[in-house]
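Take a look at this single chain, the form predicted alone, given in structure tokens.
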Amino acid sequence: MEKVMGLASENGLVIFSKSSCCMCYAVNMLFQGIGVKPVMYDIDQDPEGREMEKALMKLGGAAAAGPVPAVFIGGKFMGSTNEIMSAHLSGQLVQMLKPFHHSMS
């Protein structure tokens, strides 16, 4: 959990992903379409990936469909695909990103 939280707090927008995850790609493209470039961490490429995956599952709770994509904005866990897409459709996502927009693009 320490590694996940440390990496998540280093940048304004962080997505933990797996290199073969199509939903991770979709969420990344959503952010880029908004005009921000997230920092992507492929946990399947990290030697500590299994531990990171377990930590992400704990953050997501029992309702989590899987550990990735796991999106952090300002060091705070925001959720996965459903939460990010819902925030985008309601207009909240752009508002959440405003404080970090200059440092991400």
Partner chain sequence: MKSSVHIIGYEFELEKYASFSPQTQRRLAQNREAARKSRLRKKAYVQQLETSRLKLVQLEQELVRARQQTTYTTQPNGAGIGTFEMEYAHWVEEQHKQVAELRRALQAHVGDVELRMLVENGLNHYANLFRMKADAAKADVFYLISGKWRTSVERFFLWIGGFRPSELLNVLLPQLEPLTDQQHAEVCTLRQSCQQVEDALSQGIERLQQTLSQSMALDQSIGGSYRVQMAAAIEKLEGLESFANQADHLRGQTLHHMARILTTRQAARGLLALGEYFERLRALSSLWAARPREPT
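Note that this is a predicted model, so its numbers are computed, not measured. Residue numbers count along the first chain shown, from 1.
FYI, the form predicted in complex with the partner chain isn't displayed, but the following is about it.
For the three marked residues, Ser19, Leu30 and Ser90, a heavy atom of each sits within 4.5 Å of the partner chain in the predicted bound form. In the predicted bound form, no heavy atom of Ser9 sits within 4.5 Å of the partner chain. In the predicted bound form, the partner chain lies farther than 4.5 Å from every heavy atom of Leu97. Although the partner is absent here, Ala26 lies within 4.5 Å of the partner chain in the predicted bound form, judged by heavy atoms. The shortest heavy atom separation between Val39 and the partner chain in the predicted bound form exceeds 4.5 Å. Although the partner chain is not shown here, in the predicted bound form the stretch 73 to 89 places heavy atoms of Thr81, Asn82, Met85, Ser86, His88, Leu89 within 4.5 Å of it, in sequence order.
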